[in-house]
Structure formats: structure tokens, C-alpha cells
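The data below hold one chain only, encoded as C-alpha cells and taken in the form predicted alone.
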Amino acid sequence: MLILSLILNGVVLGLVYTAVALGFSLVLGVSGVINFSHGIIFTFGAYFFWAMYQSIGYLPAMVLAPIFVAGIGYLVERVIIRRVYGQDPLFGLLITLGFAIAMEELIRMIFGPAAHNVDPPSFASGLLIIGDFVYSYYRLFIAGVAILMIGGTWILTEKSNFGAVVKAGMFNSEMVGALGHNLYKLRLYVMVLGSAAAGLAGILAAPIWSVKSGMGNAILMPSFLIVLMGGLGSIPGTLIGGLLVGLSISLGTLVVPRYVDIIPYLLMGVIVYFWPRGLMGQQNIIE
């Protein structure tokens, strides 16, 4: 039963990573910017939620917090990221990393270094007990919401005109602009949607990880590795990468607990060695 619990924990963790990595991947693909502020945007989601949920309740806070986070994403794109379009991706990485570090320090100054606990909602509290198997209802709730987020992103990108333009922009943004689409608005919309998704993932993680200023660091690098593993812009590839990372971390705690943090990096190295564009990647805008 321990193995089954670890596998389920790995799947849930992988789904959360995937939900965050999809926004990271879409922003990178459409804008060509390695957005290292994605982790702090995840943190903003958790803090906005923590600040609201005790006064207005879990579900209203869960709806409102991603909207505020989307507003943060809007400002980040307009004030910071827009300035580095068309430049070396390293500039985008550095400027967004600097912003993330500054915001992390600001959060620590305002709310203190201590972690803040968030209780799971009453409708998802308690344990599922089947014979000797015991599992948290809240982790199953996380898995359900993450699957809805990933499925919604797939429908948006694969079954809508907006998604068709986004996918075209990931492989040839100049062509998209030449066809009359406003490339700046497209990049802005993707940034706002990706930020809202990261914020919602931060809300889901809050009861498990606690709300703390450095929580975005724990999600940023795995998300980046997942994008490299799965292939830029590929939702199935990102999902496979997310599950590989989640399962390797969860099962690694049983086999090599002291070295579990390096397992995703080793996994990424092996995959990129044999598939330089990721498991399901194609030629894209940053090549």
C-alpha cells in the first residue's frame, strides 16, 4: 500500500507541475522569453488566496485569487517582458529572474519569513479508506482540478481559433504578424492565461506546501525541466514530462531519499541527450 500511495502522490505532484509548466511553455513559445517570474506568480496565487479565504470562504477565494494573479501577469508583460521581445532569450531570463527575486524579498518583508498554514476545504477534508489503503481526499481534489486545467488548455489550443493562432505563433511569430494578427495582444493574452493557471496551481498547493515566500522556487525549476523534457508547446509531451518528474521524486524518496532532488535533472539530461527537442517537441521559435 505504501508503493500505491507514493505512486498516487507522484501522479498528483506531476499534474500540478504540468499545470504550471503549460503556462511556462506557452509564454516561452509565443514570446520567446524564458519567463523566470512564473514561480513568483505561482507564489502570488497562494498569498492572494491565503489573504482572502478566511473571510470570504474557500471557493470564492479560489475564483478571485487567479483573477488578481492574471492582473499581475498583465502588468509583468506590459512593464517588463514586452521590453525584451525579439532579443536574446537570456535577457528575458535575467530580467524576469531579477523581478522574481525582488518580489520574493518584498513578500518576505511584508508577511515575514514564517510559513502560513492553509486548511483543506471542508468538502475535500478527511481520508479515503479502502481496506488497508488510506489516501487524502484533498490530493484527489487537486488531481481533479489539475486534470480540468490541463484538459481546458488542450481544448483551447487544439479546438479554437485562438489556439490555432497561438500554435502558429510558437513556430513562426513573424508569419502570424504578417497575416494581420496583433502579435503583442496575442503574447499578452497568453501571459495573462498562463499567470492565472500558475496562480490556481499555487492555490491548490497551499494546503500541502504551506504558504511561504520561497514556494515558487520549488515549482519553477521542475516546470522548466518538464518543458525541456516534453518539448516546447506540446501538451501531451508536457504531461508526460510532468508525470515523469512527479513519479521520480515521489518514488525516489523511498529508494534514494538523500539524492531525490537531483533525479529530475538526471532524467532531463538523458531525455535531451536522445531527444534534443524533448519527447514530443518540434522545431520552434527559439531555435
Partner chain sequence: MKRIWIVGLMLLGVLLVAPQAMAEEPFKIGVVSPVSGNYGDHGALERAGMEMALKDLGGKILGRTVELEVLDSESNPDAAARRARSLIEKDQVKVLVGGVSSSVGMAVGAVAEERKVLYVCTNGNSDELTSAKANHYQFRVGASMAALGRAAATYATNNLGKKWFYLTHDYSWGHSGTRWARDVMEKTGATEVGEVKVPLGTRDFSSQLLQIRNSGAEVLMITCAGFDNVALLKQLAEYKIYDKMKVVYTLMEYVDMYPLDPDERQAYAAVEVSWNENPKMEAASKKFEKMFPDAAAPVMDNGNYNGYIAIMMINEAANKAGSLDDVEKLICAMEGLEITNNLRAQPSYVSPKTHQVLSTVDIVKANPEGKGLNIWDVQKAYHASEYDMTEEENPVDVSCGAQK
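On a predicted model such as this, the values are computed, not experimentally measured, just so you know. Residue numbers count along the first chain shown, from 1.
Unshown form predicted in complex with its partner chain; subsequent notes refer to it.
For the three marked residues, 108, 118 and 136, a heavy atom of each sits within 4.5 Å of its partner chain in the model of the complex. The candidate stretches are 153-161, 124-132, 75-83, 185-193, and the one lying within 4.5 Å of its partner chain in the model of the complex by heavy atoms is 124-132. In the model of the complex, no heavy atom of residue 19 sits within 4.5 Å of its partner chain. Of the heavy atoms in residue 52, none are within 4.5 Å of its partner chain in the model of the complex.
Contact check for residue 60: no non-hydrogen atom falls within 4.5 Å of its partner chain in the model of the complex.
Looking at residue 92, you'd find every heavy atom of it more than 4.5 angstroms from its partner chain in the model of the complex. Residues 2, 5, 6, 9, 13 are the ones in 1-23 with at least one heavy atom within 4.5 Å of its partner chain in the model of the complex, listed in sequence order.
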